[in-house]
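Next up is one chain by itself, shown in structure tokens, the form predicted alone.
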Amino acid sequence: MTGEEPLLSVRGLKKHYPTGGGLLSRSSGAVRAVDGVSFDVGRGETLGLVGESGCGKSTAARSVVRLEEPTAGEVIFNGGGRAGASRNDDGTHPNDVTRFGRAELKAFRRDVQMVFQDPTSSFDPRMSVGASIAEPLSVHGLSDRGRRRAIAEDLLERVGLSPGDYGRYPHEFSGGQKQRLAIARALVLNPDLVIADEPVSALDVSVQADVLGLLEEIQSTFGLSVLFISHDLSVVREIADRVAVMYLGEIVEIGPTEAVLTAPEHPYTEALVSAIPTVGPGGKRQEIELTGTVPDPSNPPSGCRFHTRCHAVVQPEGIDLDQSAWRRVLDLRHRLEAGEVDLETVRESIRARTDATGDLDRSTLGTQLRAEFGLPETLSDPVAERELAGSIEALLGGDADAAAERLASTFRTPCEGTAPEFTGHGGGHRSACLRHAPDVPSEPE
């Protein structure tokens, strides 16, 4: 981004959904779908917001336009506009969307439009597509029916359809055509910002390319800003100027698209990038396998939220293991702590895998249990091996709690105790990973 005032500035945005706490219950909690997200969208810029399904990116987008009411945070729109950049006496910002009343919110939604994933559900099957496109003009006060129709017909042509399609109905169009219609309706009020929430994920690949090309053309023609939500980095690479990577309700990396995708600095981004298909002489990159526990957003892990799945999780002082072995030991520890390791189930799995019959002796069972969890027969670090062996002995003796406690006393990463701050990598590229903190030793290869 340049140094000019961003069109949209999101600061500390949260959206929590209450859980439990019924009339007869004293306990309550919250699903932290969005938990302190901050980003800017510049004028004429496309920002891609990416992450796995369920990471909170769509909830963040809906909270920005208040289709979901934010729990906390600020959404400053057009901060350098009519109200200027100064704050009110109480510290609030005059252009904070989260504080808008009905009239201000209606004006804001004229300037900010959304394109959703499923174009079919975006249209009333009983209305012609032309009437659906023109309807926002009527809602916002344009009473001249002829003028509304002329604007809608012009937009139909701009998105690659025909003005003669005005009177046709949604079921008469293909999925790609419906998405073009949805884009036309989003443009009808001449907005400054379009939020596109997975707009091509339901379309065939060839149709995706057409719709992405249309979005780029429309953005150039109208000078739009775009917040583009997607789980597909290959799509984001084609359209976004910058990208923000989201994991479990938080942004973990943000920066220029090529910088983030060419040299990712957060392990989660590395894993996402490794899954992008490659063509040409470079060959297929090695895809990073994410093991470990997928966290519950109502009870996210302490410290770095990615540490339960991270392939580059930091080792504590006194431990020096191959990184893959370190990850597997942590996986075992977390499963023991969650009560997910049942020894009898493990025995049955081993019997099925090895075609063994009868009882397994303790030594064989211990060796096979290591294999079951992807652990080497012996860890390279003597201290780590002693503690792992003791934990396995406790587990084989039927005391899973003692097994978990022994692992927890030795195999505890700094990543679970410290929430990482953002570190700059130049050119507006930032990531939140403990590996980049100055007092954390570099990881073994």
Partner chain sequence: MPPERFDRIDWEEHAGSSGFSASINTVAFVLTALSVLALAGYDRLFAAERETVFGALARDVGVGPRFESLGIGADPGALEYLFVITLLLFVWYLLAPLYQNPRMTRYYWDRFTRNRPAVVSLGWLFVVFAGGLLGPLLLSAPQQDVLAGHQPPVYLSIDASNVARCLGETVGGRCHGTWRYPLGTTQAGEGVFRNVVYGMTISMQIAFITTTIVAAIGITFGTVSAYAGGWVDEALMRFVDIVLSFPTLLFFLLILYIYGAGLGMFILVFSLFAWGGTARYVRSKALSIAEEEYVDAARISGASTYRVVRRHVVPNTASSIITQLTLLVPGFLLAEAQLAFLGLGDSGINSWGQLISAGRSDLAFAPWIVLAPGIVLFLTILAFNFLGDALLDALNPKTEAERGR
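Positions refer to the first chain, counted from 1. Fair warning: this is a prediction, and the values are worked out from it, not measured in the lab.
Although not depicted, the form predicted together with its partner chain is the subject of the following passage.
Please determine whether each residue of V41, R87 and V226 possesses a non-hydrogen atom within 4.5 angstroms of its partner chain in the predicted bound form.
Per the other structure, none of V41, R87 and V226 touch its partner chain.
State the residue from L330, L181, V188, V314 whose non-hydrogen atoms include one within 4.5 Å of its partner chain in the predicted bound form.
Selected residue: V188.
One residue of W326, Y247, F77, F123 in contact with its partner chain, assessed in the predicted bound form (non-hydrogen atom, 4.5 angstroms)
Looking at W326, Y247, F77, F123 one by one, just F123 meets the 4.5 Å heavy-atom criterion.
Within a 4.5 Å heavy atom cut-off, is R66 in contact with its partner chain in the predicted bound form?
R66: contacts its partner chain in the predicted bound form.
4.5 Å heavy atom contact, E135 to its partner chain in the predicted bound form:
Within the cut-off, so yes.
Verify the contact flag for Q117: yes if a non-hydrogen atom of it lies within 4.5 Å of a non-hydrogen atom of its partner chain in the predicted bound form, no if not.
Heavy-atom contact with its partner chain at 4.5 Å: present for Q117.
Consider E172 of the chain shown here, and say whether it contacts its partner chain in the predicted bound form, taking contact as heavy atoms within 4.5 Å.
Yes - in the predicted bound form, heavy atoms of E172 and its partner chain come within 4.5 Å of each other.
Tell me which of 145-153, 299-307, 91-99, 362-370 has residues with heavy atoms within 4.5 angstroms of its partner chain in the predicted bound form?
Careful reading of the contacts points to 145-153.
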